[in-house]
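Only one chain is included here, represented as structure tokens and corresponding to the form predicted on its own.
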């Protein structure tokens, strides 16, 4: 478990945030600029001494202001990746990676594995000045991992990259999330990074925690900021149930529910993450006839939240253990009599489902 409870004041801003998340997978600190994300990362890393609170990672107390405990930065065994790569310019990529090993205790992360995972083989003899921004960040991530950290902290590592470079590095970060057993705390205010990388989310507003829990729950809650964005979508992790080559469709399942999507290059039984945009979900109370939709999903209305800024409503639809979300007009809510507990059908085009 990663347990954080911090208080810290700056002129004009006060952080008072507490959350506890599993010490496995990737936890994303998400929120607008100035909400306290970087302050939390700095306090966990030991780069900031908070006014009050404590930080405990997997049973190890790194900071407890009341008890007078503050473990030195170098003894916290944390890897940190900043917005800038901060590589040593006089060292090659290989030299920068080896630097991560120099002061680390022996551990399971090997340089050959990092080179393979992050696609660094062709870069090993190059100097940082000859690398693209995305390549430099991959090297910085590799160096941090080779320090054998108990926790990897990533403070907006893609913020300084343009869209093309972000697209280049995101697949490597997704591979890192899937392949490494090292927990990650990741700071961003970019929703595409949250959708691809997060297992758990801590939503921050003005120095306070609005929500801490799974990404699936955060994305499907109409009363939370993620669902109140223009790009609101349910984000689900499903199992590939099979492929129909003739129809050029793949089937994804959770429980008794099956979703059809355009044909995937994925093995049966493999887990995939999908986005189902709220604006693409049509609601009905009876089965339509003669329609091109592949996905007609029965569920139950869990909640209806007003989306006043868009003259709309957000409808949460419980489907077994999962939840979809639809953005509809208030008129549709009224005409269909949508309220918690009402059975409903979610109609979703196969082409509208984005496989991440």
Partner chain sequence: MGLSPEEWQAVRLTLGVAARAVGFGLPVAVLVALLLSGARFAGRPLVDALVHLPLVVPPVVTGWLLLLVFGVHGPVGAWLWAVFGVRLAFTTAGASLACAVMSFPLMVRAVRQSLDAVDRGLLDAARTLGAGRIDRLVSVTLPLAAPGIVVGALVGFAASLGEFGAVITFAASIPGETQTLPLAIYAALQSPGGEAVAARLSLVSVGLAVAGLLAADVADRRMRRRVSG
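Positions refer to the first chain, counted from 1. As the structure is a prediction and not an experimental result, all values here were calculated from the model.
There is also a form predicted together with the partner chain; it is not shown, and the following applies to it.
Chemist: Report the residue, out of 164, 73, 284, 121, that has at least one non-hydrogen atom within 4.5 angstroms of the partner chain in the predicted complex.
Modeler: Looking at 164, 73, 284, 121 one by one, just 73 meets the 4.5 Å heavy-atom criterion.
Chemist: So which of 187, 215, 234, 78 reaches within 4.5 angstroms of the partner chain in the predicted complex, heavy atom to heavy atom?
Modeler: The residue from 187, 215, 234, 78 that makes the contact is 78.
Chemist: Contact between residue 147 and the partner chain in the predicted complex at 4.5 Å, heavy atoms?
Modeler: It does: once the partner chain is placed as it appears in the predicted complex, residue 147 has a heavy atom within 4.5 Å of it.
Chemist: When the contact criterion is heavy atoms within 4.5 Å, does residue 87 count as touching the partner chain in the predicted complex?
Modeler: Close contact exists here: in the predicted complex, residue 87 approaches the partner chain to within 4.5 Å, heavy atoms only.
Chemist: Given that the partner chain is not shown alongside this chain, does residue 172 nevertheless sit within 4.5 Å of it in the predicted complex, heavy atom to heavy atom?
Modeler: It does not: once the partner chain is placed as it appears in the predicted complex, residue 172 has no heavy atom within 4.5 Å of it.
Chemist: In the predicted complex, is there a heavy atom of the partner chain that lies within 4.5 Å of any heavy atom of residue 246, even though the partner is absent here?
Modeler: It does not: once the partner chain is placed as it appears in the predicted complex, residue 246 has no heavy atom within 4.5 Å of it.
Chemist: Exactly one stretch in 111-119, 136-144, 203-211, 154-162 has heavy atoms within 4.5 Å of the partner chain in the predicted complex; which is it?
Modeler: After filtering at 4.5 Å, what remains is 136-144.
Chemist: What residues in 114-132 sit within 4.5 Å of the partner chain in the predicted complex, counting heavy atoms only?
Modeler: Heavy-atom contacts within 4.5 Å come from 127, 129.
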